[in-house]
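Only one chain is given next, in structure tokens, and it is the form predicted alone.
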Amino acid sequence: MDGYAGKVLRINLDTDKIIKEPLSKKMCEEFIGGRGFVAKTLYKELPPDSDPLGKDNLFIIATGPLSGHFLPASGKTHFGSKSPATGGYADSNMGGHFGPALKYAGFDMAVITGKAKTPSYLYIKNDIIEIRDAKTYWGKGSLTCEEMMKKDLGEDFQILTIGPAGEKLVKFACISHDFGRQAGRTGIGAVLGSKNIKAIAVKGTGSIPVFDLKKAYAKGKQAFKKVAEKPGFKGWTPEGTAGITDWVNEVGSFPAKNFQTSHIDHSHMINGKKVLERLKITDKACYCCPTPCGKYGKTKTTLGTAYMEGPEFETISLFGGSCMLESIEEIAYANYLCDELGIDTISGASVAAFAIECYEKGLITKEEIGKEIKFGDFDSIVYLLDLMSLRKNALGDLLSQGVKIASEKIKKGSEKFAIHVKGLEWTGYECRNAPSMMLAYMTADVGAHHNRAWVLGHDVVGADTNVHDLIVAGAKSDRRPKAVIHYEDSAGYVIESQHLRPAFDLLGCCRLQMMELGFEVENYAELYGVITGRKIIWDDIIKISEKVWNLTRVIWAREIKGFGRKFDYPPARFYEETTPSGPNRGYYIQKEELDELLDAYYAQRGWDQNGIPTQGTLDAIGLSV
């Protein structure tokens, strides 16, 4: 099939059986690739009620039809499983170079089941597939392991690794690649650790068939030119995602002290400019990307010196705001430590902030922790990251489960400020005066995550515009007016975004060129057509994205007894406590308003009042389950 490598790799670690089977043409037509392959495979093959950290859980790697081709930012790789963090549907993606290498080796997707008898890694070199001993690498940090393996196997291998946190089954463990790219969310690294797999190394030297090679090359070349001509190209690239730090703070959506408030006084000390001035060595891009948003740099702190990629905005907002670190060097070191230990920086920072608030409120003691901890203290944050990642002492073991489970054990009102949805920690935007963004977090299909629908700009300025334009326009104000909630409008806008942004996860390319720079979606439909030979329009891709969104909800309902509306609520802090300071002081969203938002959202999706897709809706979108 044009555009695809054409094969699925299946590895059963219980039996050491390795199967190479043809990729289904029907699967490609109905689910395109990437996230679509993940959702369909999980629904079809995951045994119901499987333990996320048990042998029966699947670990899926999936690419898309645009992965590995000559077009802007075509290096995305998608991972899927049942989540250790939430117990529900899980996927996570990363940039870098792994996905294209897997396709050049001949595989669009890999499905791994069972558990290796001893610590192992997977070796894939074109048609050679081996399960190899990993005792030399076990216990090593993610970055250290990748460096060791490149020396052992060769620099031209693309390598995924987990750190000690993944080995110890920390529920927010991540997968690392290319010394700074992570599949960070949903605990996907713990799933790999539960299978006794330390790493996956791939080298591919094959090619991918293309329907019209001459036209695909011309269209790809034209796409690079168009991206470079976009107004935001020069404005976005230098600072990358860190460039929005000041803007988010100015509009009162920057999380501070475990989301107690939404504004800090030190954003100018931890913004994108400080990344460039104090950290950056060079720009760093993913496969075939003309907009290198990654910043590879060096940081020096009281605890040592480190080289790392980043920090990205989410890491800055959670460590710099929720944990209140005021130095970009300290945030960068925390970033490095998370990467080496193998934990998601978002969840890691969120768990640390939750623990500090619990300590301040007297809900956990110094004796339980092992030392005094406080917001803004670098030593406290590093200590907590080490504690949770290595599951040291009883509290470290508890924190390794994430804020939801930790709060259920600690109790004493801590559930109200355990900042998560469905067990996944909240990312870097405080939303008590941002109803559409609040709804996006509530209904994201992996738990609280901004990458499914970033609609903060809609709440702030009421306009459909890109991030770069918002930053240039600025939003300096002592107090932002309370956002007026138009339930149907918010629901419709969120749903539209939830179909648009994940569509790129089907195709296997980065959304930045479209979402931040304004590279038109019609270009992707054209590129898909000349590469695969299938003539479709962008609306056809969006319809498949909608089908996948509904399928992931069906998976949640199947896997979690009693799943429904109550799982979509945010923590009580957001509807019981007013924002105490900053541009949004005095504001919050009432519980009744949250229900109105959910009512409108469920109605427009064709779900029942408990948030479950009706059979009529599933039939209408071509999803028979």
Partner chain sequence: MNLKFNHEKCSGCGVCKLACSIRNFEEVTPSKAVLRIEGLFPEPGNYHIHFCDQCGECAEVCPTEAIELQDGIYQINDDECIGCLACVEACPHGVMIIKNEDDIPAKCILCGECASVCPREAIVIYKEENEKECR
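Quick caveat: nothing in here was measured; it's all calculated off a predicted structure. Positions refer to the first chain, counted from 1.
Below, we turn to the form predicted together with its partner chain, even though it does not appear here.
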Students should find that, of Leu153, Ile536, Leu303, Ala285, the residue having a non-hydrogen atom no more than 4.5 angstroms from its partner chain in the model of the complex is Ala285
Option touching its partner chain, based on a heavy atom within 4.5 Å in the model of the complex, out of Ile544, Ile208, Ile495, Met514: Ile208
Do Arg181 and its partner chain share at least one heavy atom pair within 4.5 Å in the model of the complex? no
Phe70: touches its partner chain in the model of the complex, heavy atom cutoff 4.5 angstroms: yes
Any of the heavy atoms of Cys289 lying within 4.5 Å of its partner chain in the model of the complex? yes
Using a 4.5 angstroms cut-off on non-hydrogen atoms, would His97 count as touching its partner chain in the model of the complex? yes
Which is the contacting stretch out of 290-298, 380-388, 403-411, 134-142, given heavy atoms within 4.5 Å of its partner chain in the model of the complex? 290-298
Counting heavy atoms only and using a 4.5 Å cut-off, do Phe233, Ile281 and Tyr307 all touch its partner chain in the model of the complex? yes
Where, within 218-236, is there a heavy atom within 4.5 Å of its partner chain in the model of the complex? Residue list please. Lys221, Phe224, Phe233
